[in-house]
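The chain below stands alone, shown as structure tokens; this is the form predicted on its own.
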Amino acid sequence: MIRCEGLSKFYEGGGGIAGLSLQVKAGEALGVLGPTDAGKSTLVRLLMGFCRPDAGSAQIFGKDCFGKRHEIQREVAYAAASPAIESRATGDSWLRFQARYHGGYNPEKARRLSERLDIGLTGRAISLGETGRKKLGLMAALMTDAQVTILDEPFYGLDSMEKNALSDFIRERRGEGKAMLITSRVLEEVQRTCTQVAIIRQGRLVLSQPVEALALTRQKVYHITFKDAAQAAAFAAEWETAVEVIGSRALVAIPASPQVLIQTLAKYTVFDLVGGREDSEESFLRFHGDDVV
């Protein structure tokens, strides 16, 4: 249903994605995990045909996402992280407008969604606030019967009850045989709703596997304090993978014995070394050098 092969998009000054390959089949939900600026939103923009790739291909239903972008945007249920909604429109009128574009309005589904997401539909969008507009965007996507759904950071800004409701709707949609792609910075959100996970870091795919396998992954994370920032940078250049540098401190995630790490550190002046097994959520955050969720 969704397929990317060697997909790349570069921006002046950095960012974007490079050589990304992934696929989502019917009945699957792929969670794309990564810290801020990892390239998640760039991937979504390419899939929705909002921009042209510099290399590789992105296809939905076998159609080129940029070349057939008008068809893709009509046939795919999409919710932006921060949807643009005309300020004078009411929630109900905006949903009906979106439904006409995507093929029909289901008032019963709209009522159920609005109740579970705790949002009124009679007031103007300008009075809803950012979270209210986000809920409207999610409702517009989940109301349709589209075979492919793309949700960009759908859980961000919702409270715990609303997150639970959204998780139920996602699992329900997946159970109907729909294909879904969901971006997130939070491992637990993906574990609750998705069947597959793809982790991207600095625009590159670093891990792709079933969610069950990710839940069993327990990385060993080490915090290393060097004599100075220069030594930390030199170590990072030598070690290369799964390392982040913050001043004179380096964070390293490894899945196996620390023997090679210890041998490498013998070349440097190490002031402190703290490490051990951690839960998968903590390991994910440390692996990506992203402490904000």
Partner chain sequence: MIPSLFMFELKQLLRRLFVLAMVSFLLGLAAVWLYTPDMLSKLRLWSEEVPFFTRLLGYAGSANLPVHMMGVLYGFLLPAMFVANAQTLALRLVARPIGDGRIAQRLAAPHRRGPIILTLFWLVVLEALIISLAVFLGQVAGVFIFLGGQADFLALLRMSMGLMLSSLPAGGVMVWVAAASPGRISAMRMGGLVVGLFLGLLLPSRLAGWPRWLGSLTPFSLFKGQELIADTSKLLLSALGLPIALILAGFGAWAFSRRDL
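Residue numbers count along the first chain shown, from 1. Here the structure is a predicted model, which means the values were calculated and not measured.
As for the form predicted together with its partner chain, it is not shown, yet the points below apply to it.
Note on the partner interface in the model of the complex: the residue among 170, 113, 146, 85 having a heavy atom within 4.5 angstroms of its partner chain is 85. This chain is displayed alone, yet in the model of the complex one of 89, 186, 121, 206 has a heavy atom within 4.5 Å of its partner chain; that residue is 89. Under a 4.5 angstroms non-hydrogen atom cutoff, its partner chain in the model of the complex lacks residue 196 among its neighbouring residues. Its partner chain in the model of the complex comes within 4.5 Å of no heavy atom belonging to residue 250.
For the chain shown alone, residue 51 is a contact residue for its partner chain in the model of the complex, at least one non-hydrogen atom being within 4.5 angstroms. Taking the partner from the other structure, its partner chain in the model of the complex has a heavy atom within 4.5 Å of a heavy atom of residue 45. With its partner chain left out of view, the stretch that reaches within 4.5 Å of it through heavy atoms in the model of the complex is, among 51 to 59, 26 to 34, 264 to 272, 226 to 234, 51 to 59. In the model of the complex, just one residue of 1 to 33 lies within 4.5 Å of its partner chain by at least one heavy atom: 9.
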